[in-house]
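Before any questions on binding or motion, here is one chain by itself as structure tokens, the form predicted alone.
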Amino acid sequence: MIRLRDYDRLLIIATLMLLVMGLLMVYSTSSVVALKRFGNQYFFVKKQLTYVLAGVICFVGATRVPYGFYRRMAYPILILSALALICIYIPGLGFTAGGARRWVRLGPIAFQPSEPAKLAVIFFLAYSLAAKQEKIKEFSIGFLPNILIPGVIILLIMLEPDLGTSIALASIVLLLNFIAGVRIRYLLYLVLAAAPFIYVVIHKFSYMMTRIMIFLDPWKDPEGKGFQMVQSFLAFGAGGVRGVGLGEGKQKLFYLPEAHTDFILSVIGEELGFIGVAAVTALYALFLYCGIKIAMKARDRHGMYLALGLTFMVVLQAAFNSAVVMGLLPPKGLPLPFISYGGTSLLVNMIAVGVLLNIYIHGNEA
């Protein structure tokens, strides 16, 4: 029988604290908007609580499934993921929200296929890199399949269009290949070859170019295209070191658009100040530490690559989101893991934590 002490308690603590912070901030950022739109100030936080409870179920289930299962199911999961991404183009299944066709609806359930696709790519890479470790330096065996196959998924995500998720996933692919020992020059050639393609995609989808221009100078159009970035800066500026107090922020009052989703960290900065943002950052740093520790203690290379991929999935997205709301990167539409409002991302991240803990359990048994 597996008891609490058999798990990595620091990872559980970090995850629980992020979830609690998420529930508090979703309520704080959405209550006024929810009251105006739906006549119920608890509308968004009740839905988020439902997602958290569903996430806990997924988490418990993932801790019980031996991680070797994902090695055997790597290709079937990857194929299902690709089919789900194609389903967004099928009338009656896929639908557009927020200006992009990223959603699939199955009855009352709507989800973003790009989120589970991240898991699928990590499952595949962990299996493939471990299986081909002895020939990892060879171009046709160690490099090409581990780039081309994930590349198909990344391309499907990019065409939604979702440049943020595709770049985050591509970063994970490059990191795992680098750690596995793929020749660095192959990876450098890949980045150079991809640059013109990314340039074409950015120019094809005008909203991407607009986001880059906003990033370069949001004050050029502070009441138009740059409005969200400017309001984010004002939120951080108003918060100072200690913040104005939980629930007392002003930017969420119809100034900062959709403050409960991608820009929730801005409200944390306003209401809880530098101290609140530093606390959130420390929790992600703790998550990174626990993930790397689990990877180093994994009983095989498959477990190590799987743990690293899942850890990078959470931490890199948190880093990208933080950089965006602080004006260090162009807006990408990436939620803050465990904290931003949304179901698909939360469920995927909770599954990732469950798999990490399963790797930890089996690593301690070795």
Partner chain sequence: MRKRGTKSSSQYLNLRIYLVLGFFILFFSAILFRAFQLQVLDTKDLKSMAMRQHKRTVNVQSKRGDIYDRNSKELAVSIEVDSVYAQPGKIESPRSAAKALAPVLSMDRREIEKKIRSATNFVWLKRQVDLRDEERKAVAELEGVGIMKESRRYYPNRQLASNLIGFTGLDANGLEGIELHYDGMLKGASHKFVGDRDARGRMIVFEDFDKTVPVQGMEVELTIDKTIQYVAEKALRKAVEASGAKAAEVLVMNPTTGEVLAMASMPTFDPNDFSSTTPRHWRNRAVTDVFEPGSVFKLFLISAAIEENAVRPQDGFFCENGSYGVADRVFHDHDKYGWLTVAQIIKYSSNIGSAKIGDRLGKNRLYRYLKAYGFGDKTGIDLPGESAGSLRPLKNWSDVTLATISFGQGVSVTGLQLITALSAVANGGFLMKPYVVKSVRDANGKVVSETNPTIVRRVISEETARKMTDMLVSVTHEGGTGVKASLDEFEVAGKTGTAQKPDFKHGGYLKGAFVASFFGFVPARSPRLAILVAIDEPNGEHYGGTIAGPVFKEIAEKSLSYMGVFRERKGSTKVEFVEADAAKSTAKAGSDEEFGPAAVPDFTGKTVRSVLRMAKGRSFDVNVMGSGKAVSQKPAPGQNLPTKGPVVVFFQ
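In this text the structure is predicted, and so the values were computed from the model without any measurement. Positions refer to the first chain, counted from 1.
Absent from the display: the form predicted together with its partner chain. The rest refers to it.
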Listed range touching its partner chain, judged in the predicted complex by heavy atoms within 4.5 Å, from 118-126, 194-202, 75-83, 252-260: 252-260
Residue among 188, 109, 148, 241 with a heavy atom within 4.5 Å of its partner chain in the predicted complex: 241
Answer option from 334, 339, 308, 45, heavy atom within 4.5 Å of its partner chain in the predicted complex: 308
Distance check, residue 103 to its partner chain in the predicted complex, heavy atom within 4.5 Å: no
Residue 70, heavy atom within 4.5 angstroms of its partner chain in the predicted complex: no
Distance check, residue 49 to its partner chain in the predicted complex, heavy atom within 4.5 Å: no
Residue contact check: residue 170 to its partner chain in the predicted complex, 4.5 Å heavy atom: no
Within 310-325, the residues that have a heavy atom no more than 4.5 Å from its partner chain in the predicted complex: 312, 315, 316, 319, 320, 322, 323
